[in-house]
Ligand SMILES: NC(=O)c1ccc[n+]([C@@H]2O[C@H](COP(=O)([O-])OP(=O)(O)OC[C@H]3O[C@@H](n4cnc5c(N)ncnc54)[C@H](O)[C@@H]3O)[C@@H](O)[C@H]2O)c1
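One chain comes next, on its own, written as structure tokens: the form predicted on its own.
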């Protein structure tokens, strides 16, 4: 078990990661005034664990499982529930679930009485390696992903691999999407991924690499908590195209779309001589090891239109973060027409390889 401390200004966040973290730290929260936010899938699996840990009368709000739960309506319902149960200024919101739960519960905690305590207990691989750490909270609005949100650090994150044993294969792939992203940003993680190719879903490997991913993100957040100097922007590698495809095609998980977006953006990086072909092919091999197959999408022009809403964009140009060399990345800015043209070329190349 490892503890990772994130110091950002006046806020102090601790991530407890590894086997035994839940038993050691979650039960210690039971004497607080608690409001639990979870989703329908997680509640079905872990309702008795929640009641055992926090009491069978603990107030709970259950959002629908999946991205459709990140709505203004559910955010309002959480806040109404907190008010109904008399939550005080020193109460603690516990986000018990995956990325969607962490995002919406974190936003609710940041808003209620101008900010109450927040504890993240991530139950998916993606949430453990990425979304529960760093303090980004959000909901989707008017068809745009994460457009309403805040920066709000949890006081504690409890990332225990015990929860990974109940995940479907698709959820593991989803988390591996973010892990491969970290591999494109961090040489140590990239080396570990390459050495374990073909064995990326083993629990032993996932526990080892989770702490490395968390440490990388913590180092970035400490230096650029609010996305002001461009460093935190690197954590969006693969996400511009991934988010656009996710909003348009919808049939895969967020992490899978991150990998698909990374693959398409690697084509652009190669085309613009930003990423050497040899390194690009090594990253693509990791992507294929997880996905098995990258979709050759039709209608990429319509999907690419959604990239215009990406928060990194400046002056009507599409911003993408791409691998440059092992442990290094670069930001590229493209006119929309150029961006669409290269996405089409990549899709055509994928069709030829079928």
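Since the structure is predicted, the reported quantities are computational estimates derived from the model, not experimental observations. Numbering follows the first chain given and starts at 1.
Keep in mind that the form predicted together with the named molecule is not shown, yet the notes after this line are about it.
Q: Although the named molecule is absent from this view, report whether residue 167 comes within 4.5 Å of it in the predicted bound form, heavy atoms only.
A: Yes.
Q: Should residue 41 be classed as touching the named molecule in the predicted bound form when contacts are defined as heavy atoms within 4.5 Å?
A: Heavy-atom contact with the named molecule at 4.5 Å: present for residue 41.
Q: If we define contact as a non-hydrogen atom of the residue within 4.5 angstroms of the partner, is residue 145 a contact of the named molecule in the predicted bound form?
A: Yes, residue 145 sits close enough to the named molecule in the predicted bound form that at least one of its heavy atoms falls within 4.5 Å.
Q: Is residue 216 close to the named molecule in the predicted bound form, meaning a heavy atom pair under 4.5 Å apart or at it?
A: It does not: once the named molecule is placed as it appears in the predicted bound form, residue 216 has no heavy atom within 4.5 Å of it.
Q: Spot the stretch among 277-285, 261-269, 185-193, 91-99 with residues whose non-hydrogen atoms come within 4.5 Å of the named molecule in the predicted bound form.
A: Every other range fails; the passing one is 91-99.
Q: Of 118-133, which residues get within 4.5 Å of the named molecule in the predicted bound form if you count heavy atoms?
A: 123, 124, 126, 127, 130, 131 sit within 4.5 Å of the partner.
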